[in-house]
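First, one chain by itself: the form predicted alone, in structure tokens.
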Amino acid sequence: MTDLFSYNKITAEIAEEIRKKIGANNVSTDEEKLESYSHDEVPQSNYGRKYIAELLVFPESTQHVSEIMKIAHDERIPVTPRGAGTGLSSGALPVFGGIVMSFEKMNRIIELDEDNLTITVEPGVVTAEISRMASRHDLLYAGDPCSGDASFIGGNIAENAGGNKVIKYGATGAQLLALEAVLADGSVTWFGGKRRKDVTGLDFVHLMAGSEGILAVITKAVLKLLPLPRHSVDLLAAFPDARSAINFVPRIVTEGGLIPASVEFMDDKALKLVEKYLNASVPAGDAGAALIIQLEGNDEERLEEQFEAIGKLSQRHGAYEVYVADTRSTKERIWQARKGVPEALSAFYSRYTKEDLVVPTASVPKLLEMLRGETEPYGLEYITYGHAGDGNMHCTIVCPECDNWHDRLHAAQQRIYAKLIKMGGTLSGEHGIGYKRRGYMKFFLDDAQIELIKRVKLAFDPQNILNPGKLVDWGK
């Protein structure tokens, strides 16, 4: 495999050739910019060294991306596609230097097709902009990651981001109908179309979702839209402890007879931390755990009946208080608490790792108990929040003050992952593997499947120049 990781450096001549193709204003070798764009939300300090790109490019069109990839292919230069940098797996880390390709200038909403209920966008569009554009036409884009106010749709697709509404609508991949992609040699192709059914050939559209930029570069996406529900309401249910909160989640469906749009969870430590971060009280801030339950519908009276029924049901199952948010300001207050947790963690801790664990929904209580048992012996603490409705828990392991942080963390992770597997769980639900988690893939996938991933990668990219070093460990 040695030849697969042998790359050439970017010479002054190569840089100049790229400038001629895409414009000098779209190319940078500024050291501060290179460092700033050479990572995502995972601190480079996690790796004991910095990985810095040699060249930063800002394509403005598919043609620009194609020209860059042709040069990179001919010169054997690694290319790392980058969205908004909100990723949590070091997916934007240029492990072998080369080119970082940022998509902030490819930020156009190309078309909203009301007849076919689709929206076509470039990869640098901020996800929340897609939602806002759709809502102005009384339509819904159902992809809703908590980072939606900052993340780019291209990054959402690359990681198959989930977010708040997976329980009802599915992850980003479920919203995809078609993609324009530039392959490693610079050729341009379309996968899929506006069709709702298509078995002509292989389903490359959904292979691309979650492929983390190792197969091709996404330059356009056609996303499906839905009618916008006329009314919605958010309930914040305060429980005495995490177990009673999590145990209530399946009751919403089995006893309440409803599929909510969202069911979000915050433990007591997350609630207290976000209050400190916001410097303000939050609803249910003194709870042992809290659930945000979002319901939506077109019949206002029927929706009122439903949220009253779910509120009473939650109280029968241990909730001691239920807050109802049915105005814009009250909804924002509830969601500000949930969306503020990741920022609060980054603000108050320097030694932490954000895990993205997934188990079958019925196993979430067992997961939370397991985390306590496997972190405390190493002097570590944990804070949990996340998507209770689909079993995806964001567990952040922190070490406020301790020596040998990495040793303690790795020891705890190996024990956590071993027990996670026995629960039918897996390593990541939406944040991706990237460079951060690639060494742990061997615990979750057998050799045959890892080898298959490598073969698919090389079928798309024989020279291994697209985001190399990610997803699986090649021994490099």
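All residue numbers are counted from 1 along the displayed sequence. Only a predicted model underlies this, so the values are computations on that prediction, with no experimental measurement involved.
Just so you know, the form predicted in complex with D-malate exists too; it's not on screen, but the next bit is about it.
In summary, the binding site of this form is open: after superposition of the surrounding C-alphas, D-malate from its pose in the predicted complex has no atom within 2.4 Å of backbone or C-beta atoms. Partner proximity in the predicted complex, defined as non-hydrogen atoms within 4.5 angstroms of D-malate, places exactly one of 381 to 389, 208 to 216, 195 to 203, 365 to 373 at the interface: 381 to 389.
This chain is drawn without D-malate; in the predicted complex, the residue among L88, I252, A84, V222 with a heavy atom within 4.5 Å of it is L88.
This chain appears without its partner; in the predicted complex, the one residue of I119, L235, A171, C146 with a heavy atom within 4.5 Å of D-malate is C146.
Put simply, H431 is close to D-malate in the predicted complex: some heavy atom of it is within 4.5 Å. For G97, no non-hydrogen atom is located within 4.5 Å of D-malate in the predicted complex, even though that partner is not displayed. Although the partner is absent here, P342 is a contact residue: one of its heavy atoms lies within 4.5 angstroms of D-malate in the predicted complex.
In the predicted complex, at least one heavy atom of K354 sits within 4.5 Å of D-malate.
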